[in-house]
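A lone chain, given as structure tokens: the form predicted on its own.
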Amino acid sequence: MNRTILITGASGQDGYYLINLLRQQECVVHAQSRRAVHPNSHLDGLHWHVGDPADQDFLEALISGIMPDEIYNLASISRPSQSWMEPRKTGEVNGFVPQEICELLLRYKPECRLFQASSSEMFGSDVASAQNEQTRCAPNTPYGVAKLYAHQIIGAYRAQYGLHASTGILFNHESPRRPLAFVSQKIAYAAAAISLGLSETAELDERGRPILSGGKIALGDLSVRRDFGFAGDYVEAMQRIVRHSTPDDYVIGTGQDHSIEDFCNQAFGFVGRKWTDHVVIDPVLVRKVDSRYTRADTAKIRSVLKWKPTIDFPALVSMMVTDQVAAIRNNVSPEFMSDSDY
């Protein structure tokens, strides 16, 4: 019998790749978002549900009506910087929705398996080595605080009620589906535009200015280091976690870290340019509070679930730049990609 799957927050990049993975397995997929239009909403066997997961009546009707075998909760205010602008909504969506899902599973289908998307932002900035499932958490943004609450409440419900509820502590994962609001895609977009001979772009950055102006892109702190992986790999890790016999928490990452400068060098180098000719620093874009270093210790997921990433850093960046080149040439609007995956 085919599994019935519910994906909350399915409008983001993870939802896109997860839907495609599940459809290849002939699962019946129910996807939730706050928007009615989505690039893969036409697929057979895919049922789209529009509504706010923070609306308890909507969420209850969704779960009780579908009675899923698996739930992947990807619903999130997805950028730490955005969470400062919507702290209350961030707490509701990132923190309390996962708890409400657990309550609804106890009421309607306790045998359903749940995956909660946790985040490396939970660790905060006080880390100097690779982070694993036991690393102390000290989040410093509303996003990270809410994600930590959800992460711990999932573990509490698992222990108290025996729910098959697991978490994946996701480190930075990118793809051609990333919104332009994220620095990775912004850099890829600028490099693509430069390669096509553009010096000015219509797309705007977080300051409300063109991402590329006078042939240059404005960025913040280039020394920040991140563990960058490919979203398509990470959704496969999510599924392995859900399908494993024992629920647990797992770090999902590559085990390697690269600076924003490295990303610039890779992206502009891919199109035959020097990044130093096209990048300027704007102090306004330097975050006062930021996780300056993340690198995943993936020993557990590699050992227990035999998962490892397939796309390395150079391939990831070149993939993103190549896709942006095609999008600019074809005048494809990025409007389907939102900052909030819920």
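Don't overthink the numbering: it's just position in the shown sequence, from 1. Every value quoted in this text rests on a predicted model; they were computed, and no experiment measured them.
Unshown form predicted in complex with a small molecule; subsequent notes refer to it.
**Student:** Can you check whether residue 179 is within 4.5 Å of the small molecule in the model of the complex, heavy atom basis?
**Tutor:** Contact check for residue 179: yes, within 4.5 Å of the small molecule in the model of the complex.
**Student:** Taking heavy atoms and a 4.5 Å cut-off, does residue 254 contact the small molecule in the model of the complex?
**Tutor:** Taking the distances in the model of the complex, the answer for residue 254 is no, it never comes within 4.5 Å of the small molecule.
**Student:** Should residue 78 be classed as touching the small molecule in the model of the complex when contacts are defined as heavy atoms within 4.5 Å?
**Tutor:** Yes, residue 78 lies within 4.5 Å of the small molecule in the model of the complex.
**Student:** Can you tell me whether residue 298 touches the small molecule? I mean in the model of the complex, with a 4.5 angstroms heavy atom cut-off.
**Tutor:** Looking in the model of the complex, residue contacts with the small molecule do not include residue 298, since no heavy atom lies within 4.5 Å.
**Student:** Work out which of the listed stretches, 196 to 204, 102 to 110, 87 to 95, 209 to 217, brings a heavy atom within 4.5 angstroms of the small molecule in the model of the complex.
**Tutor:** Correct option: 87 to 95.
**Student:** Heavy atom within 4.5 Å of the small molecule in the model of the complex: which of 192, 114, 154, 117?
**Tutor:** Contact with the small molecule in the model of the complex is made by 117 alone.
**Student:** Find the only residue in 250, 268, 230, 171 having a heavy atom within 4.5 Å of the small molecule in the model of the complex.
**Tutor:** Looking at the other structure, the residue within range turns out to be 171.
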